[in-house]
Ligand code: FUL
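Form predicted on its own, single chain, as structure tokens, below.
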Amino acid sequence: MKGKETLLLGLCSLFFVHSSFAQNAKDNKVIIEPSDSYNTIIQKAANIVPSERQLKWQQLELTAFFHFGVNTYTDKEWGDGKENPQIFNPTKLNAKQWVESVKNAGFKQVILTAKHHDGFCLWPSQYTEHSVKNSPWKNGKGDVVKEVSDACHQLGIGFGVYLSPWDRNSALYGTGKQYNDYFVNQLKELLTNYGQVDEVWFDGANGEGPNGKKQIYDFAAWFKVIRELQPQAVIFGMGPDVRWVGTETGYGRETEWSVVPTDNLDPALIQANSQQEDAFKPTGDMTGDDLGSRDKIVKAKGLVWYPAETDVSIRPGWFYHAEEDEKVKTPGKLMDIYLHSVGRNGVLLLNIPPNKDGLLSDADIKNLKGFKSLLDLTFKKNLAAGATIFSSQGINPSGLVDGNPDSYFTVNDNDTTATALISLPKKKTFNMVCLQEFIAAGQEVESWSLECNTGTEWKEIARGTTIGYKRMVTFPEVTADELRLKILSARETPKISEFGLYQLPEGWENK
């Protein structure tokens, strides 16, 4: 394993920006030379852009996780690989119900735990006996992966697979090349038999195998297979496309840079900090408050576009447990998580675990519907639509409110600050602002503020650091018809594609 160098080479896609303003072709990675000045490094960081697959992934905003398997029947979170396949029998399994439920709630993609750490495969893998083929479900002829992938493709939603690198059932685990070959074979089954796969999800678990040894994973071989068989798929966690945000709370950082040092691609750090069974106490670079500030990037040997996926379960556990039926996160809590994940430059990955019958539970579906209602009530209308925008140094100021994410407000070259005066057609009442950068050209904004004209003075009502793909900030209710957006600091000329004012429903937190 060549570590960071191998991973960096895996980030090889170029993305050409198309908009009303011509952009030069840029890359999603860059090497920092020892001779680079401070200003050169900052400029390099500002010109790193997402690959095409990364940009499409970011635009999903909402992805659903389905944790399902033998743990559903043993009532455990982690299995030991010694389970009897006969316990797996979801007699009412309805994958269409799963996928329709999350799609109706606004989710654009799902990820299925095709194999968790117990090694039990939800498809009839020819490389192990620990799978659905030896269960009573459908007389051993069933295939959960196929049913979920078919439902996704029929309903027009993305499909992804979780394949645990740690297999507590396989006698090959800890043998080195033999196990890596076994893993590649299972990966090939998933990537060739189920149509388009949009995300491949690896966690960081690496425990002992039946022989008492830990396995050294051949990431380079795994990534090569994915790129060859499903080139559009993003690789999460242990891979080069998408990183773990660092907690399992659903809440992103106050300051979330998508451009980070290549050190954050080190699998050893991810393994050390994620998927801890007994106590989730992550430490290190993946979980720090500061991953991509100037202080971090000027010390780096390379920089890469490596955005954050923010995961959380709708229940306390990741697999279904009947005793948690009364502990499902409320619509208000889910909304708060959305504001602090998608609204902090991330993609929300929400786990909804199917029950023993093979169905999403009524409590989960009810709260998903409530969450979608809050989303619809809040974002049904941008209260800034129709505003007149003025900026003395601005280019295309109307791009802030034209509803077109491919156009943007910017300023003259070399300006790293900007001010836009926003005049609404009439006074509006709102309690949230939503900003978006044109990230196809990079992430530049380091700090910003929003002010309103009270009639006697300009009053600051919101302030933030990074924007990235999307930034949402709530504040006490304001009624005004004139506002002032200030970009206070940026790494390069800022490009703001969207500005929105919204009113969260009264008492939304308690719904």
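All residue numbers are counted from 1 along the displayed sequence. As the structure is a prediction and not an experimental result, all values here were calculated from the model.
Beyond the structure shown, there is the form predicted together with the ligand, which is absent from this document and is the topic of what follows.
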Subject >> 4.5 Å heavy atom contact, Arg344 and the ligand in the model of the complex >> reply: no
> Might Tyr251 be said to contact the ligand in the model of the complex, defining contact as any heavy atom within 4.5 Å?
Replying inline: no
* Asked: Does the ligand come within 4.5 Å of any heavy atom of His117 in the model of the complex?
  -> yes
My question is simply whether Asp241 lines the interface with the ligand in the model of the complex - judged by any non-hydrogen atom within 4.5 Å. no
Exactly one listed stretch (199-207, 118-126, 90-98, 137-145) reaches within 4.5 angstroms of the ligand in the model of the complex by non-hydrogen atoms, and it is 199-207
Interface check vs the ligand in the model of the complex: of Phe379, Trp78, Tyr217, Tyr182, the one with a heavy atom inside 4.5 Å is Trp78
The listed residue (Tyr320, Tyr162, Tyr408, Tyr194) that reaches within 4.5 Å of the ligand in the model of the complex by any heavy atom is Tyr162
Looking in the model of the complex, the residues of 431-470 with a heavy atom no more than 4.5 Å from the ligand, listed in order, are none
